[in-house]
Each structure stands twice: as structure tokens, then as C-alpha cells.
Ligand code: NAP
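Consider the single chain below, provided in C-alpha cells and representing the form predicted alone.
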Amino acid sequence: MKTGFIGLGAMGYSMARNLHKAGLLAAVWNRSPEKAQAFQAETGVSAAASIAELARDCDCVVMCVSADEDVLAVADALGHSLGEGALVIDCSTVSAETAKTAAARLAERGIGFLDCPVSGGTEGAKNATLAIMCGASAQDFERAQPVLQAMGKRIVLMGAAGSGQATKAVNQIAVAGVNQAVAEALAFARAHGLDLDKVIEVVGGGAAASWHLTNRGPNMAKMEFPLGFKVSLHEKDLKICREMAASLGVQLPIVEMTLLHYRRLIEQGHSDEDISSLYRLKRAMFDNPKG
């Protein structure tokens, strides 16, 4: 299956590289052409001048872009350029309704669509160990297996179009809660004069163990926040979660609190840091208590 890739960001670049390693990648395209040209220089894979040019050489296209309007614009462009029977795999994080809309538009042209948001951060993208939650027909899911398996390790069909994005919203809410808890707990530990590395070691072996504590905690202890998942992108995702909850008449406290905290981080210039930089606010809370 000749595959194209659209969107060479922090996640997409590594995902495309893994498709290349698997011998599946025919071409790449990025809105900023410099990234596509750099990818071509590194791998020899063609950097297409347009989406239409990329699509002409492909049976399947994977996209990993930033926003709902980008997904629909790319899907529309692919719909006019891919042949009948082709597949579009969207690894972006957008609303379930956007996924359903994209699927319907492409179905009119005989093109299969899978909403396949991913989780696992830049490490998972690099190591091809991403968790991939999929919304698609069983037939399209089966056809897409070689492509999905080149990028991820845990790949699950959740239901029809939109189900992948709904599952990703579940993931993003849980990530917000874990980030809040770990940042607050480590700030509490520091305020009591504890050795944070020892705290992470012992607590990480008990009921409070989590991927976030083990993989982000040591950097938080050093006040270092190397990028795994940007604050600004998680904020965008949580706004989607907020809208989905609101459609059910519900407000989610963890989502609302985290959005408030991310807004403060962004205002302080930390939008491009990893979400573990939430520790900045938690530590400051103990350093400057309000009597």
C-alpha cells in the first residue's frame, strides 16, 4: 500500500519516519515546505508540492494536523485527488463530529476514512509504540493494519467513525487529571523537604504509580520540561472535551481547572513546553501561600 503523510509536526515527523522504515511511505507534504524538504533530504522520500500531487501517488494517506478546520480542508482536498477505494487515516485530535463529517464527505467519493487519534507522546511516535484508537468500518480497519502497525503498538477498533475521537477525549481528560495529581503531589513533597527522586521511586511502586509520574516526574524535580506534549495542544484538546461534555449538559471540573491553569502557563510564555510544566504553578502555590 503506497502511503502518503501530511503534517510533519512533533508527532508526525517520527510517525512518517516509521512508515518509511516499514517500506510504505511514497511521499510527504507539510504546510511549511521546509519540513517536507528536510524529511526528503533525510530519507529520500518525495516532498510533494501539493496535496493533489501527493495523492496521485498514493493508495492511502495519513494526516496528523492541528485543528478541526485543517482536517476538513485536507479531507476535501484528498477527496478530489485520491482514487476510489483509497483510505484516509486521520491521526489528528479533533471532535467526534468533525471525524463523522470528514468520513461522510469522503464516503461520497468511495474513499474510506478512519479517525485514529494516538496517545503516547513524542516518545511513542519515535518508537512506534503509540496507542491508536480507531473509528472506522471493520473492513477499512483491516485494510489499514499494515500502516497502523508501522506506527503503533496497541491498536483498537472502537466503533464507527467518530468513536476514535471520542475515545481520545476520554484519554485527554484522564491525562489532565494525572498531570494535576502528579504536579500537586510533587510540589507538596518538595514543600515538606523530601527528596523528590526518592519520592518518585517509592510512590511509583505503589498504588499511585503512573506513566506520568515515572516518565515526567524526574524532569519536574529538576524544573525541566522537555517536550512530550505541548501545553497549547492539550489546551486545544480539552476545549474539545469541554464542548463534548456541554452537549450532554455536563461541566467537568478537572477539565475546567486544567484549562484555567494552562491559560496561566500560556500567559507566562510556556505554551510550547510539555504539560508537566504545570508543576511550575503548583510549586509557586507552596512558595507563595495565601494566608
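Predicted model, so just to flag it, every value in this text is computed and none were measured. Start at 1 with the first residue shown and count on from there.
If you look for the form predicted together with this ligand, you will not find it shown, but the lines that follow are about it.
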Answer option from V175, I200, I111, V74, heavy atom within 4.5 Å of this ligand in the predicted complex = V74
Identify which of K236, R242, R263, R56 has a heavy atom within 4.5 Å of this ligand in the predicted complex; exactly one of them does.
-> K236
Mind telling me which stretch in 192 to 200, 177 to 185, 91 to 99, 136 to 144 gets its heavy atoms within 4.5 Å of this ligand in the predicted complex?
-> 91 to 99
Should G121 be counted as a contact of this ligand in the predicted complex, where contact means heavy atoms within 4.5 Å?
-> yes
In the predicted complex, Q251 touching this ligand (heavy atom, 4.5 Å) | no
Proximity of W29 to this ligand in the predicted complex, heavy atoms at 4.5 Å | yes
Would F229 count as touching this ligand in the predicted complex under a 4.5 Å heavy atom rule?
-> yes
So which bits of 1 to 17 sit within 4.5 Å of this ligand in the predicted complex, heavy atoms only?
-> G7, L8, G9, A10, M11, G12
